[in-house]
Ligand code: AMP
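Take a look at this one chain, the form predicted on its own, written out in structure tokens.
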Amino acid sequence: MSDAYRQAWTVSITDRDAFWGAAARAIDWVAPPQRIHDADAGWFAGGTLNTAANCLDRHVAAGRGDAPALVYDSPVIGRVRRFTYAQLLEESGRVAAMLKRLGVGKGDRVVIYMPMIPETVFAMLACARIGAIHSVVFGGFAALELAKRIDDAAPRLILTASCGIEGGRLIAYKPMVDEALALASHRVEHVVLVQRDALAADLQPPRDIDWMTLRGECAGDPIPEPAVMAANDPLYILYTSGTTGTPKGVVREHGGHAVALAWSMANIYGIGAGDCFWAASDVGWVVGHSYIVYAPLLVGATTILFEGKPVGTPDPGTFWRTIVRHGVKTFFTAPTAIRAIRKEDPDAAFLADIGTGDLQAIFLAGERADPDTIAWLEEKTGLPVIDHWWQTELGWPAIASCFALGDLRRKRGSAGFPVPGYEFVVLGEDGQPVPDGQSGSITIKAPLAPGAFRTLWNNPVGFARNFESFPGYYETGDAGHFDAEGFLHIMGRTDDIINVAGHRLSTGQMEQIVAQQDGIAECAVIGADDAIKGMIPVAFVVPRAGAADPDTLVRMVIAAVRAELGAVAALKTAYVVPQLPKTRSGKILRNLLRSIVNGQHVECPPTIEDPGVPTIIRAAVASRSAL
């Protein structure tokens, strides 16, 4: 354990005001905070600031206007565009003027339903500049889900584009916006649309407005001055799926968000002014909000906005090519992206040919990183690969190896150690801490660190529910354990702990075993209903190129789990499938797999990346292709 990490974590827990007061000095405040933490007002009470000004204006004022801020790299259209800090200030300022022209002001909501194009970043920063609250909805989300978010956020405007490009597919956005507005009860004043070369959309004036036409009309308007925002004013609403089917609007506040993200860039990722950082995510997800748009710009770094896929745009070398082309220092992606690359290029021939350039470290998050994937990536790149964990609700990493604090301790299968600011406790069903090595509910002692949510939009009761099971502790919904060395292991959601004939078993542990077998590119283990044992585990495996035949793979998987966990694990069923159902952020839809195996009706969720996959899975199960 590095002394810097140990000291930082200890102070953050024992004297949080001193710790976060020091961290807050990295931000330019209009008025400094009067209190670091207030039970009612939250973090940095009394302080005022503007997030967009901290991302842009202050760097330009400091003489860094010509420094590179944003690089848009789109292999799907074969284009790279670069923006300096001065240019990004100008572009986002022009969009802010557009919003002002349309009557948008402080506290108004704006829904952004856009692909990975520069205008999306301009829009987010423009909202932050004028004090409007943006709610980015993943481009291509189903109309009904978009309608739910429109009704909950009640925006004045929707900003959109004519289409998104997902690999080789064009997704027309405007028909989905029109359908969503027809379904929604709330009425927006305008839809402002970016026309892309790949597909033109039909507009319905006067509601619909062409983006570039409006920009031209506002060319003479002054760029609005940054609005003065209280630390606890909402910056954005980001919806995450709720268990009831009603989306949960996570609210992020200006002050804690800016301080936490700036601290994380310097102390977790090792990124500062002039460095190049790439988070290979989408702005529709929390990773995109935090680490494509805001965090890199807060510290004066260069951020990459990538419109493409890890494979197929055009090949499994596209990530390495992007890293080398732009001099990326720290790279952040999902384990599923690495597994997709490995499936297409198991020997890492593209990586060997292209190299990793200036890259110093790779971070993984979004889905549990199995040890075999980490081992492969570390072997092929020769770089530290750091799994870390956080949630939409938290907004930034809560478990990690703090690379920039000199703490490179890693254990494959663990997400690392509690990040300064977070006090984790593993609790049993009785609400008491469990011994090291014993699994329980992963919780975080209140108050949550700066940057974490303090409410849900229009739903304070739903927010309070996160603290009901264990009063004084935030229930993450994940299960896991601390080991004897202090590593925290996230083994899956609490509902992934299955009860097999009275034995509590972790499907995450089984997945870890399955993933280590030769020829397995990816896997998922779920608990299926069983009349005798209550539940039994069922595995789904995706083979790598050149793997053994399906029957051999199934036998190997079942034998491996039995050998390591014993017959009590009762894994006797495995299916070999070409791919697993995932969200566009890379999370495997295990609930969908569970429903298919249990013979239940399956609704294709709006977050799914490929709607055809459930049909493939259903056919595999129906054919009883398992041994």
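These numbers were taken from a predicted model, which means no experiment stands behind them. Numbering starts at 1 and follows the sequence shown.
Same protein, other form: the form predicted in complex with adenosine monophosphate (AMP), not shown, and the subject of what follows.
Proximity of T240 to adenosine monophosphate (AMP) in the predicted bound form falls within the 4.5 Å heavy atom cutoff.
Adenosine monophosphate (AMP) in the predicted bound form comes within 4.5 Å of no heavy atom belonging to E378.
With a 4.5 Å cutoff on heavy atoms, T455 does not count as touching adenosine monophosphate (AMP) in the predicted bound form; it lies far away.
Taking the partner from elsewhere, T84 is found to have every heavy atom lying beyond 4.5 Å of adenosine monophosphate (AMP) in the predicted bound form. With the partner omitted here, the residue from D152, E393, E253, E522 that has a non-hydrogen atom within 4.5 angstroms of adenosine monophosphate (AMP) in the predicted bound form is E393. For the options G131, P247, G366, P316, the residue carrying a heavy atom within 4.5 angstroms of adenosine monophosphate (AMP) in the predicted bound form is G366.
Only one of 207 to 215, 323 to 331, 385 to 393, 180 to 188 places residue heavy atoms within 4.5 angstroms of adenosine monophosphate (AMP) in the predicted bound form, namely 385 to 393.
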